[in-house]
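Below you'll find only one chain, the form predicted on its own, shown as structure tokens.
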């Protein structure tokens, strides 16, 4: 008898899970999305990826993503991974913490280069850095354009027989003797062998009907795109940590930049019907992004922001993703809280969730990402506390991608 998997959420994690399940010939696959494909954070992402993370599980997962992004460039029509590399910048105070991770990178076979200011200036003449930042260059990194990747991945799913239902909201779950057995959507009972929730910041609202809590915090993040430039900026994707943000090329001869806002208060999704399109960038941050980041590429001149978007980042209590089966409810799987790198994780997240669903054996050990790792009482207390993004960072549990 053919199996049926229901995936809640048609962002990049949900679509990637559907795509990888379909490539495994899992059976019937239905993706349910309350809005349009990619309507949430996926269309508001920077799309930057580096494999130089801070935990072994994260590094192994990003290695999968880097391989899959390149393979997906051949598999998906209209998409190509931009393999320009990723330059991670550090100042003198932040470098020692990252330097301690170099033996881990060596053990896992991760490629990197350590560059000083002169070496970076020689490699990327269009990039002008003030001070004496230290560069940790990931030659396998780069970026994806969400505007190209999301529709290409959705079309790839459809070609493999995946059903994507847009404008369809989950109202309840079907339980059978303690096992997750499907969902109710628009008053229709949809029975399934597996239910995969990939609904990002909506997770607590969607799963509250079955009494499942996870320690999650969300904060507004803003990104900006310039008007077309006189000539292309020849730079890699840059995580410009000492300058408070990131910057990368953008299609149409533009630049895309994002700026941090440590004062951002925790954002709590009011209900399941919440739309991320209702969020706007806080006043003044566009000026900060222009003043802090565009001088790194002086050839931009005095260009203004042509596009401004705001979305939400989601973090778990310990800063690591939440990915895998839920022990309390056999048949339920989650893939959420990818900190500031959800787009970067999505090929690996989809492949790993597909492995869990299809045969219970993802290709790497994801125990450190397990949704079962959290104490329920601590989770409840954590979720009751309101904090700012800066306060979250000060706990030492979060790291920038």
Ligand SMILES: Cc1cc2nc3c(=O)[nH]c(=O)nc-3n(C[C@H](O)[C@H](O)[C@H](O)COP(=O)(O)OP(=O)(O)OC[C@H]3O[C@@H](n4cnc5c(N)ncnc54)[C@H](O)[C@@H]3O)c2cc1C
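What you see is a predicted model, and the numbers here were worked out from it, not measured in a lab. Numbering follows the first chain given and starts at 1.
Note that the form predicted in complex with the named molecule isn't included here; everything after this is about it.
Asker: With the named molecule left out here, work out from 36 to 44, 22 to 30, 372 to 380, 353 to 361 which stretch has heavy atoms within 4.5 Å of it in the predicted bound form.
Answerer: Among the candidates, contact is made by 36 to 44.
Asker: Just to confirm, residue 246 within 4.5 Å of the named molecule in the predicted bound form by heavy atoms?
Answerer: Residue 246 belongs to the contact set for the named molecule.
Asker: Please check if residue 339 has a heavy atom lying within 4.5 Å of any heavy atom of the named molecule in the predicted bound form.
Answerer: It does: once the named molecule is placed as it appears in the predicted bound form, residue 339 has a heavy atom within 4.5 Å of it.
Asker: Consider residue 79 of the chain shown here, and say whether it contacts the named molecule in the predicted bound form, taking contact as heavy atoms within 4.5 Å.
Answerer: No, residue 79 sits far enough from the named molecule in the predicted bound form that none of its heavy atoms falls within 4.5 Å.
Asker: Examine residue 206 and determine whether its closest non-hydrogen atom to the named molecule in the predicted bound form is within 4.5 angstroms.
Answerer: Yes, residue 206 sits close enough to the named molecule in the predicted bound form that at least one of its heavy atoms falls within 4.5 Å.
Asker: Check for me: heavy atom within 4.5 Å of the named molecule in the predicted bound form, for each of 12, 48 and 170, yes or no.
Answerer: Yes, the whole trio is in contact, each within 4.5 Å by some heavy atom.
Asker: Of these, 137, 202, 315, 124, which has a heavy atom no more than 4.5 Å from the named molecule in the predicted bound form?
Answerer: Only one listed residue qualifies here, and that residue is 202.
Asker: Just to be sure I understand the contacts: of 276, 326, 216, 164, which is the one whose heavy atoms reach within 4.5 angstroms of the named molecule in the predicted bound form?
Answerer: Going through each option in turn, the one that passes is 276.
Asker: With the named molecule taken in the predicted bound form, which residues across 217 to 237 come within 4.5 angstroms through any non-hydrogen atom?
Answerer: Heavy-atom contacts within 4.5 Å come from 221, 222, 223.
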